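Before any questions on how it binds or moves, here is one chain, the form predicted alone, in structure tokens.
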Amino acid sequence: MNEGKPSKVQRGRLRKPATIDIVSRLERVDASLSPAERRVADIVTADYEMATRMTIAELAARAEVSQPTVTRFCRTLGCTSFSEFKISLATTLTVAAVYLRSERIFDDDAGQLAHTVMMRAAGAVRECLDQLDTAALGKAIDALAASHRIDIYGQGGGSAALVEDAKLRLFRLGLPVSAYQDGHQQRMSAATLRPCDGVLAISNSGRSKTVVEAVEIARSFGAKTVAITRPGTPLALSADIAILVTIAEGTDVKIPTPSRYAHMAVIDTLAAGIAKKMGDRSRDALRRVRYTLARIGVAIPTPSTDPTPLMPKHDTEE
């Protein structure tokens, strides 16, 4: 009797990757593709719509590989066959084509470089959204919005810049916020925190020893700790709440890593959620910030909130 055992088909389904769009899957496995499979990927990404109309023989010929290589490429993406791959790709194009390409065609090197960098940035944000744990995000918003003080930790080129960006997003809401990139200062600040305070730690690697230790110190004093990092890392395991982001790094070291765009999107989402949670308190703080900038002529006007016409003339600041 086999009633209690799953069939081969059922077991195969259990091994399939999570239901994300085929383009996001391709970006995730890009670094693990063989040279021959990467040639197939290059043909597909150059024109997604054309790929949906090709036969397996046509795609193999275009990529200068064998048909079995195309099949292996499809299986790497979680598809059982080339036909399933084309259906998945067509489905993705139906609902998300506008996000996958720019209508502009570049015939110069600078334009093609801009297209590569900016589409990678857009792809990183889309992939982050696909994998975002909204329950963890909601808990992080609640914890930080309730904090009397927020200290932000990050180290290294990318994370150090992001902690400053996070500070800029949060202090405008009227929250006491500090950002620390120095390891010693992170430890000292963590030792002064209390149960009513919060920490936001940012690390793409999740393995910065000083950041992990600062988070552990902050937790030992009762502060609520939030981390934006990769899954399974020391930082993810040390924080009370982990917002997990995994963005595949490209093979071209001359092009900036796209993961920071995903982290910036998470930071902006946190800031917007905290502002909404704070209600009138954040609205009043933002109004005062805008008013002071408008007085020196540096606030970018918007139709509904620009107070500049109501204010006395002042010399603008360069």
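In this text, residue numbers run from 1 along the sequence as written. Predicted, not measured: the structure shown is a model, and the values here were computed from it. Note that the rigid core is defined as the largest set of C-alphas that superpose within 1.5 Å between two forms.
Here the subject shifts to the form predicted together with the DNA, a form of this protein not shown in this document.
*Asks:* Please tell me whether any heavy atom belonging to Phe82 falls inside 4.5 Å of a heavy atom of the DNA, as the geometry stands in the predicted bound form.
*Replies:* Yes, Phe82 sits close enough to the DNA in the predicted bound form that at least one of its heavy atoms falls within 4.5 Å.
*Asks:* Do Gln131 and the DNA share at least one heavy atom pair within 4.5 Å in the predicted bound form?
*Replies:* No, no contact at 4.5 Å.
*Asks:* At 4.5 Å between heavy atoms, is Thr71 in contact with the DNA in the predicted bound form?
*Replies:* Taking the distances in the predicted bound form, the answer for Thr71 is yes, it comes within 4.5 Å of the DNA.
*Asks:* Verify the contact flag for Glu27: yes if a non-hydrogen atom of it lies within 4.5 Å of a non-hydrogen atom of the DNA in the predicted bound form, no if not.
*Replies:* It does not: once the DNA is placed as it appears in the predicted bound form, Glu27 has no heavy atom within 4.5 Å of it.
*Asks:* Only one of Ala41, Met278, Ile56, Met264 comes within 4.5 Å of the DNA in the predicted bound form by heavy atoms, so just point that one out.
*Replies:* When the DNA is considered in the predicted bound form, the option within 4.5 Å is Ile56.
*Asks:* Just one of Arg75, Arg172, Arg230, Arg219 has a heavy atom within 4.5 angstroms of the DNA in the predicted bound form, so which one?
*Replies:* Checked against the cut-off, the match is Arg75.
*Asks:* Going by heavy atoms within 4.5 Å, which of 58-66, 41-49, 255-263, 268-276 lines up against the DNA in the predicted bound form?
*Replies:* It is 58-66 that comes within 4.5 Å of the partner.
*Asks:* Ala145: after superposing the rigid core, is there a C-alpha shift of 2 Å or more between this form and the one not shown?
*Replies:* Stays below the 2 Å threshold, so no.
*Asks:* Superpose on the rigid core, then tell me if the C-alpha of Cys74 is displaced by 2 angstroms or more between this form and the one not shown.
*Replies:* Yes, the C-alpha position differs by at least 2 Å between this form and the one not shown.
*Asks:* Once you overlay the rigid core, does the Cα of Glu64 travel 2 Å or further between this form and the one not shown?
*Replies:* Yes, the C-alpha position differs by at least 2 Å between this form and the one not shown.
*Asks:* Since the Cα separation of Glu37 and Ala121 moves by 3 Å or more in the predicted bound form, tell me which way: closer or farther than here.
*Replies:* Distance between the C-alphas of Glu37 and Ala121: longer in the predicted bound form, by 3 Å or more.
*Asks:* Against the shown form, C-alpha atoms of Ala31 and Ala121 in the predicted bound form: closer or farther, for a change of 3 Å or more?
*Replies:* Compared with the shown chain, Ala31-Ala121 is farther in the predicted bound form.
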